[in-house]
Ligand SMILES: Cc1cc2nc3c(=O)[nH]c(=O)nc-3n(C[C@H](O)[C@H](O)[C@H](O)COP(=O)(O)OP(=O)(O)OC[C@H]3O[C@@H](n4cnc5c(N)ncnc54)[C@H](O)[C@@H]3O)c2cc1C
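The chain below stands alone and is given as structure tokens, in the form predicted on its own.
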Amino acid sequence: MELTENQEMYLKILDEFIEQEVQPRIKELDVQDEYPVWMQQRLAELGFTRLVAPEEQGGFGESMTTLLLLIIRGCQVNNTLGSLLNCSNNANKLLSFANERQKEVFLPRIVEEGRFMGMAYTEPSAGSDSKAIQATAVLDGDEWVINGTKSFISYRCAVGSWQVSAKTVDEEGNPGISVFLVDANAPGVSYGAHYDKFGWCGSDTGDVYFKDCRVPRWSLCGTVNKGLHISLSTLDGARLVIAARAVGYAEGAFEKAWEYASEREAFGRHLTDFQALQHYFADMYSSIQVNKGYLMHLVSELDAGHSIGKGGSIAKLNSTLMAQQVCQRAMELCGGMGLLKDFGLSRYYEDACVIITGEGTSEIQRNIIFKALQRERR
């Protein structure tokens, strides 16, 4: 695709940041499971946290296409970098449902400070089944009192506000699920130790606890008992972001394997001289391009104001599976070197395995796609 002048400019700025500040610390980022606060601060200073936010809200008003191109580039190098580049999209998510008070309090944290609006939905017994949550919110005068535990929550150190789902009861006594915006440092909010896990090094993933957490009445997003609609309404763009990160992992792993195979010799020949390995590279490259092309098509539709329907689920499903397969093949092509942490290839595979569950598992995406097909054929 042909890039705009702005896209070329942003990619150049990002490449300079990667070369000068990220690459010199890449082994540290790959090994030390600590959230890189410095990276978040630098991206804010460089203006990336304002990228797609509307100009009238302090942003640059860039397209989602531009954002995805940057995320792909970031994930070719480091997962956390790719994730943090998505911060500005949180502004648009917030603006899609927030009241004026919520915008006033929480929007500057995104565009000015580069802090996420975190999604505190998943619970120990409620992941894909969002209706099974046990957290509660009870109205007490002019405050809501929230109690519950949220699990498997990533980038907790980067969050300025939490979008929290909780069981509620409306004025007529009807039960439902509502969503609230909660200050990350509000009294009653606490954090457990981060998980020692596979992949996503430095993501600070763990539990978030809400214990008699009192928030103002205006913290309610939308109306009581209508929280699921709010959470689901932002998933189209979110799934494209996940697909972009997956494409970035695959491209990063491909380039790493290509560089190694082009230099490594066996039986007096470079690895890339063997036809079987040439076919592997051809298959990897083709899979990446097909998924990237479909992703760019969908995001252009989104930028044009069109609904992408089941497309987001198709992109998320296939790109994440593709990334896992490409990254695994890249490791195999590099033999024992591919298994070494210092070589820097195994992290792509680890991250690709993790991202399959983000924004809905592969099984959930298949459910969405099949149900959409059923509706279209009735």
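Each residue number is its position in the shown sequence, starting from 1. Since this is a predicted model, take the numbers as computed values, not measurements.
The same protein also exists as the form predicted together with the ligand; that form is not shown, yet it is the one meant from here on.
Visitor: Please tell me which of Y121, F210, F106, W144 lies within 4.5 Å of the ligand in the predicted bound form, judged by heavy atoms.
Guide: Contact with the ligand in the predicted bound form is made by Y121 alone.
Visitor: Exactly one residue in Q76, S154, S161, N89 has a non-hydrogen atom within 4.5 Å of the ligand in the predicted bound form; which is it?
Guide: Checking each option against the ligand in the predicted bound form, the one that comes within 4.5 Å is S154.
Visitor: Is T205 close to the ligand in the predicted bound form, meaning a heavy atom pair under 4.5 Å apart or at it?
Guide: Yes.
Visitor: Taking heavy atoms only, is E363 within 4.5 angstroms of the ligand in the predicted bound form?
Guide: Because a heavy atom of E363 falls inside 4.5 Å of the ligand in the predicted bound form, the answer is yes.
Visitor: Would F180 show up as a contact with the ligand in the predicted bound form if we use heavy atoms at 4.5 Å?
Guide: No, F180 stays farther than 4.5 Å from the ligand in the predicted bound form.
Visitor: Does W200 reach the ligand in the predicted bound form, with heavy atoms at most 4.5 Å apart?
Guide: W200 belongs to the contact set for the ligand.
Visitor: Work out which of the listed stretches, 171-179, 113-121, 287-295, 217-225, brings a heavy atom within 4.5 angstroms of the ligand in the predicted bound form.
Guide: The contacting stretch is 113-121.
Visitor: Any residue of 80-98 with a heavy atom within 4.5 Å of the ligand in the predicted bound form counts; write them all down in order.
Guide: Nothing in this stretch is in contact.
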